[in-house]
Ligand code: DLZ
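Presented as structure tokens, the chain that follows is alone, the form predicted alone.
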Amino acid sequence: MSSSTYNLKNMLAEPMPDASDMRIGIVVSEWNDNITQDLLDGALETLKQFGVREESIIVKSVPGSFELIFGCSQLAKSGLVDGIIAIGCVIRGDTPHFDYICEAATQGLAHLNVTGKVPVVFGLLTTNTLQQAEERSGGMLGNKGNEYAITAIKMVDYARSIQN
């Protein structure tokens, strides 16, 4: 994902793959939905911009970021999608809950990528403050949802290139 030296502009430096026949699943957390809805909107907009048909996009919601693991796992097993975007937002609080959820979700989604046949894009926004989350979900730093969608398209294309 983006940093001070790599961002959306770099991601689009190479021509984008044809996404017109891709089936993309999105599993989105209901927790911090003021942020996750904006990330979802950015992802949907970008998927459609690059040719993914609306009827080829499945959106499912789960209660929280920890549940993204199960949601993505079941969607991958369904055979209905070529790639999945996991969208969640965890904002640091006063307890270690932030650390536990971030680590568990990271490990769980990484495990799905290592053991599965469907790429799962890590769209878990982890910030220290609500303001940081807002800046990354359509604010002054853009919308990470756009990056998640571009990554999904590129990863589906990658998976197809080695399966053929």
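Throughout, we count residues from 1 along the sequence that is shown. In this text, all values refer to a predicted model and were calculated from it rather than measured experimentally.
The following text describes the form predicted in complex with the named molecule, which does not appear among the structures shown.
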item: In the model of the complex, segment of 46-54, 129-137, 108-116, 23-31 with a heavy atom within 4.5 Å of the named molecule; value: 23-31
item: The named molecule in the model of the complex: contacted by all of 60, 69 and 73, heavy atom 4.5 Å; value: no
item: Residue 81, heavy atom within 4.5 angstroms of the named molecule in the model of the complex; value: no
item: Non-hydrogen atom contact residue 90 with the named molecule in the model of the complex at 4.5 angstroms; value: yes
